[in-house]
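Read the single chain below, which is given as C-alpha cells and is the form predicted on its own.
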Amino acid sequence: MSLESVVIQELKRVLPDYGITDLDVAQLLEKPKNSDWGDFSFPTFSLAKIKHKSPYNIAEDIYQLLNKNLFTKVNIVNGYINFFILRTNVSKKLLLKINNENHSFGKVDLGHGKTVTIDMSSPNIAKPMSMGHLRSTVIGNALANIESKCGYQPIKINFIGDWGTQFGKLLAAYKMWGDKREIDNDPIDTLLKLYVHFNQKAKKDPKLNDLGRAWFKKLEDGDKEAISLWKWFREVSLQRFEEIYNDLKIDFDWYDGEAFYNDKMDSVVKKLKSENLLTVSQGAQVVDLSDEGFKNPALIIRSDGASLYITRDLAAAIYRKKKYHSVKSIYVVGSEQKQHFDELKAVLKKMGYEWSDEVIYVPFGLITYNGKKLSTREGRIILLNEVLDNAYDLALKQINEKNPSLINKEEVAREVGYGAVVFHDLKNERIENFDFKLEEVVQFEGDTGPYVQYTNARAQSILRKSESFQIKKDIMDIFDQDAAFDLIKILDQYPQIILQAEKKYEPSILAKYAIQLSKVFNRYYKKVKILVEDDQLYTRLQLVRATSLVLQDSLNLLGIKAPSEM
C-alpha cells in the first residue's frame, strides 16, 4: 500500500457517509510544497457548491468522520484537510517492497501482453540523420519501454522515407553531377550535397523540378537504372542509420519503408471506391470529410494519378493491424502533421474500421539550433552523429577532470555523453519547441542527464564502500528524520509516475521525476552520515539501494545507461 493510498482509501470510506459520491479523490489530493503543512492535503473548495457550505465547515465535517489513528496528525487549514502519515510501518513496507522487487518495482499489467505498434524515427534515405530526427527516435523508444513496463508488448516500427519525388530529384542530381567514387568514399555526405545542390539550382531554374519528377516516374515504372541507383542509396543509408542506432542502443522490430506499400495501395483505393467514398474534385480523387467537421476533403489520388502520403499511411495502418493485431497504434511524428493524422483517422473510420480510435498521434515540437529551424533542403542541418561525438568529447573531458583514474572512462563517457543528449530531449515536454546548446546539456550539475547518472553513481559508491562494514540486517526506524522520509515519499510516487507517463505518452514526466529524486537523495546525502556502524546502518543502506534501483530503472525506461562509476 502506497503512502497516498492510505489517505485515498480513508477519504473514500468517509465521503459517502458525508453524502459525497463519485468523487475522484486521487485527482483532488495534493502534495504540499512545504512538508510542515502535511504529507498530503485534501482541498474542500470543489465540494462547497455541492453541500452549499463554506470549505472550512466541510473540512470540519469530514475531519470528524476520519479515523485519526491512521495518521500521526490531521489538521485543517483554510479549507484544506492536511494529513501527516504514520511514517514507520508504511516506510518499512515500501523499502522492503522496492528492494525485493528490484527493477520490477513500478511494473503494472495494464496491457496483459497485448501488442502496441509504435511508428518512430523514420529518417529519409540518402540523407544523414540530423538532430531533427532525434525527437521521434528517443521519444518513441522511451514510450516503447514505458508501454512494456505497463504490460504491453511494443513493436517498434521504423517507417523509412524511401519513396517520393525527392528521390527523383536525387537521381537527376546524381546523373548530372554525381561521382560514384565520391559516393563510395563518403556516401551520405555526398548524396546530401547533391540533393542540396539540386534544390539550390532549381530555385533559379524551375525546369529542373520537371527533370526530378521525370526520374521519379522512371522509378515508379520500374526502370532498371533508376531502381538500381535507388537500392544503392537505400542500402548505404540504412548502414549509416544502424551505426547511430547502435550508439543510442535503440533497435527496431520492423523496417517497413514507404516503398514496401507500393503494391498495397491499390486495395485501399478499391475499398474506398466500393464504399462509395471516393469523389472527383478538380481531377483528383478525394474523400469528403465535411460531416466529420473538416473544411477540406482528404486528397487520396492526385489529378496526375500519383498517390500521396495518406494513401500510403492508410495501407500501412491496415497492413499493420492485420499483421500485429495491435490494441494501440502510436505514431510519434512532428506537431506540424496534426491535420494529416486527423484525416487519416477520419478516413479509416469512414472505411468502417472501428479500430481507428486506436490510432494515437503523439506529436512533438521542433529542435532549433541557436534559434534557427533545421532544414535539410536548405543545407542547414546539425548532424546527429557529430552531436553525439561532441557530447562524448565533453563528457570525457569532465570525467578526466573529476575522476581521471576511472578504468573504463571511454565507455562511461559514451554512456554519459549520449545519455545527456537523449535526456535533454526527453526532459522537455514533447510538444514544446526547444533550442539545443550542447555545452549546457553535458553538465554534471543542473537538471541534466549526467546529474541523474552521477547521483546513481554516488549511491553505488556508498553501497560498494559498505561492503567492508559489519552490518546488522534489521530494518530500523529512521523515518522520523525528515530527510529520510522525504526520500521515502518520492520513491513512493514512482509507480504513479510511470502510469502518468503512459497515460499521457509523455516521457518528460519520468525525466523530471528522475531529476527530483536525485535532488532529494543528494539533500539526504548532505544531511545524513550514511556509513556509520550503528543499528540504523542497514536501513540507511536499504534506502540508498532503493534510490539507486529507481534511478536506474527511470534511466533505463528513458533509454539511457546508468554507469555505476563516473
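Note that residue numbering follows the sequence shown and begins at 1. Quick caveat, the model's predicted, so the values are computed rather than measured.
Beyond the structure shown, there is the form predicted in complex with arginine, which is absent from this document and is the topic of what follows.
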query: Candidate from F252, F198, F341, Y451 lying within 4.5 Å of arginine in the model of the complex - any heavy atom; finding: F341
query: In the model of the complex, the one of G161, G212, P187, G106 near arginine [non-hydrogen atom within 4.5 angstroms]; finding: G161
query: Residue stretch of 118 to 126, 216 to 224, 481 to 489, 411 to 419 approaching arginine in the model of the complex, non-hydrogen atom distance within 4.5 Å; finding: 118 to 126
query: R240: touches arginine in the model of the complex, heavy atom cutoff 4.5 angstroms; finding: no
query: Contact label in the model of the complex: H133 to arginine, heavy atom within 4.5 Å; finding: yes
query: Contact of V333 with arginine in the model of the complex (heavy atom, 4.5 Å); finding: yes
query: Non-hydrogen atom contact F469 with arginine in the model of the complex at 4.5 angstroms; finding: no
query: Partner contacts in the model of the complex for 291 to 312 (non-hydrogen atom within 4.5 angstroms of arginine); finding: Y309
